[in-house]
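Given as structure tokens, the chain that follows is alone and in the form predicted alone.
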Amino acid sequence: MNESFIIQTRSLSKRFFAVQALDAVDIAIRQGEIHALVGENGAGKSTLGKVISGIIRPDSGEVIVKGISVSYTSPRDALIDGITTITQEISLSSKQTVLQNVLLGQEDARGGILDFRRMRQRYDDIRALTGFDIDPHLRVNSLRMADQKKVEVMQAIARNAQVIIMDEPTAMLSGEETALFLKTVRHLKSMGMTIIYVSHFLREVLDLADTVTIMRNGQVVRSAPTRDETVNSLVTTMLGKPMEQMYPHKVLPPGDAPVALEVKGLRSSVFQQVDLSIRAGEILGLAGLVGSGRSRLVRTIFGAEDISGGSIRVGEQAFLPKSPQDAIRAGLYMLPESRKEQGLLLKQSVQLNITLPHLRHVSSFGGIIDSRRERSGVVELIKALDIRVSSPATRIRNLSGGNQQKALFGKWLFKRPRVLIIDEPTRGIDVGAKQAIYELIAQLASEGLAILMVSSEIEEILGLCHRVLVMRRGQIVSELDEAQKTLTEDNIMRAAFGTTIEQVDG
């Protein structure tokens, strides 16, 4: 046995009814490394993490921790060996204080009375160790998401964790919060901790992890140093086919297609004199670095942020939206960047989420909802979008990320728009679901829908868009066109960083 490996599995297998979730999985994780697990939904990576942490018992095979074969019956057994888990959903007691959460189950007491002085000293020791300056008396529900994640990390340290399994820990974080959390993960590594990191964010994995294990259909396909991998190589291995095949064949819209959206001289506190237009059937991309103004621009066009001047036209209809309702009435809809915070009501049903903006269209005279018409339209969309759900009444929080995103598309396709704005269409979903979303976007464009798309993934921009506007510091600085062969990764990056030669007016 190689003692540099803190965890190993041998021929680990687990079946759930007809699904073989793990199939003779062999993996070796070194002490003190960040070891990533990647794969499509259903590849087995989360199941593997749950077996290692004692949440699930395997059918066969063994888990070896610090050179000793173990058989955990609960997460408490794994915690005794220093193994714990942090998931994408916050698992803290939101109404309790930071101190109470960090030391939950580890409280100090004398004669049955909590020793708060000793507990505060232990908390301060953990705070000094991690460098997390969080007031112990604050309630957890008053903290931003990134700080709640830090509290979970401090809780793990209070429990003497040596191995932390992180399952999609950044899925619910904003870009800024993600950067802060990844800094935290690197700090944990510097403290000698071992991190098993499960994520759909492949660039994040390549920047963060030392080793990556690629899984497909419950099996390990390959483990390798991340320095030997690229996004392309990971996706190709995960899918079992070249990355280029993820994107549908690009068909340029007719040259005489009518203009569906025209923006002229748009001004706000962020922009000055922004011009753009999209034709029916065209996919126009907005590219640029984080903070370049892409999301602020589309939110402004949608009426979610204030406009100080300029004009917007949808087809022949001119309007300056004061709210998203104005945009929706004009036939301009938007899928927001965060489906969980801005797009969906997670505790509500799939049906309600899809029909909520359109209830007046399924209501009879007097405002009474025609439930038969409503359900019929939802069932039709579920089938057309291949949303994997047992019933329209299912709560949307119970769906996978990919199916939630499809439902979000369904929300804006229940009544077909003239223009669809999509901000980060595949954030936080696996590569298989991404391919389905790409095919949907291309299909909508082929049916004549004008699409304005924001994406931080250059591969998406190149794979889907007919034209691309590159933004920098709140301005459009370059226009790149598939038909003119100027739409390349090099040209996008040059424009984004301000090294491009060609500039466009506006």
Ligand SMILES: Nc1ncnc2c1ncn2[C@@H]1O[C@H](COP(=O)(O)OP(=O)(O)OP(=O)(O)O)[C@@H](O)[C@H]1O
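In this text, residue numbers run from 1 along the sequence as written. Small disclaimer: the values here were computed from a predicted structure and weren't measured.
The same protein also has a form predicted in complex with this ligand, omitted here; what follows describes it.
Using a 4.5 angstroms limit between non-hydrogen atoms, F16 touches this ligand in the model of the complex. Though the partner is left out of this view, Q88 does reach within 4.5 Å of this ligand in the model of the complex, counting heavy atoms only. Contact check for S456: every heavy atom lies farther than 4.5 Å from this ligand in the model of the complex. Using a 4.5 angstroms limit between non-hydrogen atoms, E168 touches this ligand in the model of the complex. Contact with this ligand in the model of the complex, defined as any heavy atom within 4.5 Å, is confined among 205-213, 394-402, 228-236, 115-123 to 394-402. Proximity to this ligand in the model of the complex, defined as a heavy atom within 4.5 Å, singles out one entry of A43, L469, I34, V51, which is A43. Along 175-189, not one residue places a heavy atom within 4.5 Å of this ligand in the model of the complex.
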